[in-house]
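One chain follows as structure tokens, the form predicted on its own.
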Amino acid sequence: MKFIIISGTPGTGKTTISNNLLKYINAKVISLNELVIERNFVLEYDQERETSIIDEKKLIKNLDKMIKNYVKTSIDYLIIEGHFSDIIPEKYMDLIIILRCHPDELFVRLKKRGYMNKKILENIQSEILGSCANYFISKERELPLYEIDTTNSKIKEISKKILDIINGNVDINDYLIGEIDWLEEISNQDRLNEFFK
């Protein structure tokens, strides 16, 4: 069984894409957010940032048990998705894909979710800075990191790109980390003040 990690800022399409991949490969999906809520791995709730502080130790211990059970089954892939998936032990990573979304489109998506403006801005800043990728880079993972822009693509198209990466049907250099740079784009447009006060 191979492990596919799908990460990205909230709103980039992790859960939707992960579940859509089940149409094409023999896989199961573990959503870290859902797991935290279902098993109550929340230490406290940060009212100001509108986010939960998770108990990483309990989450990893529980995830470890779940994965050991999945290993006994006949599935080919286990997809683990979540914006904080960098906390997963490297032994459970065979492929890391980070979904990206242009800040303007991300604003629209998060507004539709009902996020408050402060939380939207925090997530857009995170996306501009490439925080999800940087978390993996800072931990010096040995695996290559791939990025896919979900801004103007349909779910099926994004899934196909991931399947092509899995099956080695594309030039992976087109998807290596660093190809997407919202910070440079927004800086060149002299729009940094819109997102960073």
Ligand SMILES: Nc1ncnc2c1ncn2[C@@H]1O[C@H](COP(=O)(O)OP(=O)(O)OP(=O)(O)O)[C@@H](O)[C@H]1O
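Model, not experiment: these values are computed from the prediction. Heads up: residue numbers just count along the shown sequence, starting at 1.
Heads up, the form predicted in complex with the ligand isn't pictured, but that's what we're talking about next.
Within 4.5 Å of some heavy atom of the ligand in the predicted bound form lies at least one heavy atom of residue 33. Proximity of residue 72 to the ligand in the predicted bound form falls outside the 4.5 Å heavy atom cutoff. The ligand is not shown here, and in the predicted bound form it never comes within 4.5 Å of any heavy atom of residue 102. Although the partner is absent here, residue 16 lies within 4.5 Å of the ligand in the predicted bound form, judged by heavy atoms.
The chain is drawn here without the ligand; in the predicted bound form, the stretch among 152-160, 131-139, 59-67, 166-174 whose residues come within 4.5 Å of it by any heavy atom is 152-160.
Contact annotation for 100-131: residues with any non-hydrogen atom within 4.5 angstroms of the ligand in the predicted bound form are 105, 109, 113, 115, listed in sequence order.
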